[in-house]
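As a starting point, one isolated chain is supplied in structure tokens, in the form predicted alone.
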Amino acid sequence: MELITSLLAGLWESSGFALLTWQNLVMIGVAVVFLFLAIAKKFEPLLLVPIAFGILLANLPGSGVMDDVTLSQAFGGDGTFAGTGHWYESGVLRILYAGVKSSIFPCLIFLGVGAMTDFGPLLSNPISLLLGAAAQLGIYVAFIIAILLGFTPQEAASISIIGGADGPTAIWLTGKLASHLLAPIALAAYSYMALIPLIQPPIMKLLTTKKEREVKMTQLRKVSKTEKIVFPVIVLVLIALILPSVVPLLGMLMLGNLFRECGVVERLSDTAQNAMNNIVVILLGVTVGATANGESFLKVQTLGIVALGLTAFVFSTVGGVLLGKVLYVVTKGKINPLIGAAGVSAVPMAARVAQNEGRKYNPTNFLLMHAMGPNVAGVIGSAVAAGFLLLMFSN
């Protein structure tokens, strides 16, 4: 009987139930909410499902999926060497997370995004560049607030880039300036990208009138194949000469776009758009979600970062919509201010939100292609902003 009791006690002590904390329960609840939004509400399920499941995996006590075996852990309490400390002894998701910390995943994501992106709407309506630039307002607002709250310039820059609504760029910049904040910043950036359909519409409605939302825009001009081929090369060279540090991201974006537009590497373009991109999204989403361990994530600083990220995202949306209103006046009602909200770089999510909101007030409206102009301009804009911040605050 004593043996059975001892075995049962040992089984209980080694089970996840005995190790479960209130922080784990909170984060499991967050994971369930994210899964609900992704599956039931269809809020960007390609992002939210792997992120939510990563959160769930990381908060199952004793699973060890994010255990980190470092050199310091290989020494005993008396300072003598007590183990090998090899990287492959870490948890499986911790090993995969190296692709996030090293910026490999973000750069590969940019390659896939470039292959899926049509710069035609931007070339057809160059004024979209202004809307993409205006939608980076939140980056600078959040940077100032973060400095006032006591964050270092490097930390503030990393937090503020969440306002670009570009997860790969946020990971890339944070990895270089404030790697200790990579987990909350990456999770906040990707979560807000996925929740665009929930966050942006109230802001768009608040800042625009019914008349403005009903504006029907004229058809865009057709862009030649030559323009589309030349564009990624020229943009890369010009921006790289000004901000060389942004080449890893912008170079992969433009390479992917060249695959798409040149017409002679269809297999490479298809791989970048589909197989490779889907694999990287799975790995990045799950590992980013897995950084949200309850004990390390539910802290005042982390919650402050999440709040600042939301502030940045809101002000970026505000900046794009307000410039859209200015252009509405300047063009005498030819530009629908709703497309300004698409200036954040979440492609094509933000453009679809602008399209859906426009259709609510004018069923004959088709804003998607017009919104894609600011949307792809936002991708370039957030990368440029990240390069500028890296230039200013790198050690």
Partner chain sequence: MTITPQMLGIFTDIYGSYEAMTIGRALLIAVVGFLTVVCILALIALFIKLVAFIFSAVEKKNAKKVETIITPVENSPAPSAGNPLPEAESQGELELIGVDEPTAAMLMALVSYKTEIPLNRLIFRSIKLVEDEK
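Since this is a predicted model, take the numbers as computed values, not measurements. Numbering follows the first chain given and starts at 1.
In what follows, reference is made to the form predicted together with its partner chain, a form of this protein that is not presented.
Engineer: Although the partner isn't part of this model, could you tell me whether residue 130 comes within 4.5 Å of its partner chain in the predicted complex, counting any heavy atom of the residue?
Structural biologist: Result yes; residue 130 sits at the interface with its partner chain in the predicted complex.
Engineer: Give a yes/no on whether residue 394 approaches its partner chain to within 4.5 Å in the predicted complex, heavy atoms considered.
Structural biologist: Result yes; residue 394 sits at the interface with its partner chain in the predicted complex.
Engineer: Taking its partner chain as it sits in the predicted complex, is residue 134 near enough to touch it, meaning that at least one heavy atom pair lies within 4.5 angstroms?
Structural biologist: Yes, residue 134 is a contact residue.
Engineer: If we define contact as a non-hydrogen atom of the residue within 4.5 angstroms of the partner, is residue 247 a contact of its partner chain in the predicted complex?
Structural biologist: The answer is no: residue 247 has no heavy atom within 4.5 Å of its partner chain.
Engineer: Work out which of 220, 306, 92, 239 lies within 4.5 Å of its partner chain in the predicted complex, going by heavy atoms.
Structural biologist: The residue from 220, 306, 92, 239 that makes the contact is 239.
Engineer: Of the options 150, 126, 202, 263, which one has a non-hydrogen atom that comes within 4.5 Å of its partner chain in the predicted complex?
Structural biologist: Here the answer is residue option 126.
Engineer: Looking at its partner chain in the predicted complex, is some heavy atom of each of 34, 37 and 187 within 4.5 Å of it?
Structural biologist: Zero of three within 4.5 Å in the predicted complex.
Engineer: Which single stretch, out of 284-292, 191-199, 223-231, 163-171, brings residue heavy atoms within 4.5 Å of its partner chain in the predicted complex?
Structural biologist: Comparing against its partner chain in the predicted complex, the contact stretch is 223-231.
Engineer: Could you list the residues in 378-394 that come within 4.5 Å of its partner chain in the predicted complex, counting only heavy atoms and keeping sequence order?
Structural biologist: 380, 381, 384, 385, 388, 391, 392, 393, 394 sit within 4.5 Å of the partner.
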